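The chain below stands alone, shown as structure tokens; this is the form predicted on its own.
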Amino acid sequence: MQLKKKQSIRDALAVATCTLLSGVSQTQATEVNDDRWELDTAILFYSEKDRVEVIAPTATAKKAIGEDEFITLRAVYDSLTGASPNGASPTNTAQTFTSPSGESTLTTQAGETPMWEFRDMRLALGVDWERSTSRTVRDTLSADISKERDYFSGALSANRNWDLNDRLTTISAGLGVNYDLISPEGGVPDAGQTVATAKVLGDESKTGTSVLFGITQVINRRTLMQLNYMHAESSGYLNDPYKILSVVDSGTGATLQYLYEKRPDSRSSDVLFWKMVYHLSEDVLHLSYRYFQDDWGIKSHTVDLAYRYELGEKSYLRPRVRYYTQSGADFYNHSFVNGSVPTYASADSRLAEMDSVTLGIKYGRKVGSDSEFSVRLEQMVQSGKDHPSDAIGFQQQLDLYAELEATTIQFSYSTTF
């Protein structure tokens, strides 16, 4: 492998090193020899069976504005429709819910997982300013904002990369901060209170900070490795204002009442990420592992394997497999027994013990001298404890964790103009 190819891979991995929990994505430090823009566009179609559908066009444009100085503009537009579990447990009778705004009702048949129907749109904009302060030091400053009907988020980050050891080693450090404002329909409900009588509060907010340290190392002519550590802190309103939970009878499992969920008002998390890129004669193997833990009791492991198979000078195939597993939060349960509801409680399935497997394949082809078209198809299956051992009464005959199936299709086109 030529040194130029080593440099390209090392820079690409440095991108991941500088990604913070604020959601800021750093662009690759590439050599630009003219005043042209580098444009990357894509449109993503995401569909969950009987649940959510998303259409998300994206665009990223990068341009040199000086010697070793670049600016990157990013835009994402999401259109979301469908239904999402509201947290209530399935029962052996029909259930009726009133929307948070009080303007509509929902009836769920016996044995079905209760779902809220919704429609939303999100616009996210971002900008990165990247410059080299010396031959071996690169800095990036980023700003991002996103707005949806009931949510606003803003984030800032600063990152620095140091090249050492003849540029075969890169040390990275970053700091990110974010501020979110939550303004749900009907107002923010008083967490932990009965749905029928809960007070409605004003808008709520949360803040977050994250720090990252990483090292990227060219091991030999064929192998590159990366190791990152990230710590994040969040505080403020960390509930989902649309999620409720069922309080059930200790003998029959029948639902007696519904409460709004209540989570702790702070969260601390740590992430360890390792990645290896191995070049064969032509093809490239990508393998990564991610470990996550937080003080809510969640621990997760992610293994991601991809293989880029060159079909010739102009095209390639990239099959991929991803496995994810997590433990449940300390305060999660599918339902809670009357008289024994803890201070913090949630039935949000995203906080439950779960596993998921994703299988995918991507096809890419060069178009002309400096353009590429690609299409990516992935299928994900997520499952949890559908018949947990602590199910009560008739709950033992119900599916308390509905399996999730999702399909992703993405079309991408990149060019220079």
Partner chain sequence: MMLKVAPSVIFLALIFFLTACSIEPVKPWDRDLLAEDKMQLVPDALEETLDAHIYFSKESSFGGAGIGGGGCGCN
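Predicted model only: the values in this text are computed from it and were never measured. Residue numbers count along the first chain shown, from 1.
Only in words, not in the display: the form predicted in complex with its partner chain, which the text now covers.
A heavy atom within 4.5 Å of its partner chain in the model of the complex is found for one listed residue only; from T194, S99, S79, S146, this is S146.
Just one of S300, T108, S235, T252 comes within 4.5 Å of its partner chain in the model of the complex, counting any heavy atom, and that one is S300.
With respect to its partner chain in the model of the complex, the three residues L212, M225 and S269 uniformly fall within 4.5 angstroms at the level of their nearest heavy atom.
By the criterion of a heavy atom within 4.5 Å, L400 is excluded from the residues contacting its partner chain in the model of the complex. Proximity of Q293 to its partner chain in the model of the complex falls within the 4.5 Å heavy atom cutoff.
Put simply, Q217 is close to its partner chain in the model of the complex: some heavy atom of it is within 4.5 Å. Among residues of the shown chain, G87 is not one whose heavy atoms approach its partner chain to within 4.5 Å in the model of the complex. Stretch-level contact analysis of 88-96, 195-203, 332-340, 261-269 against its partner chain in the model of the complex, using heavy atoms and a 4.5 Å limit, identifies 261-269.
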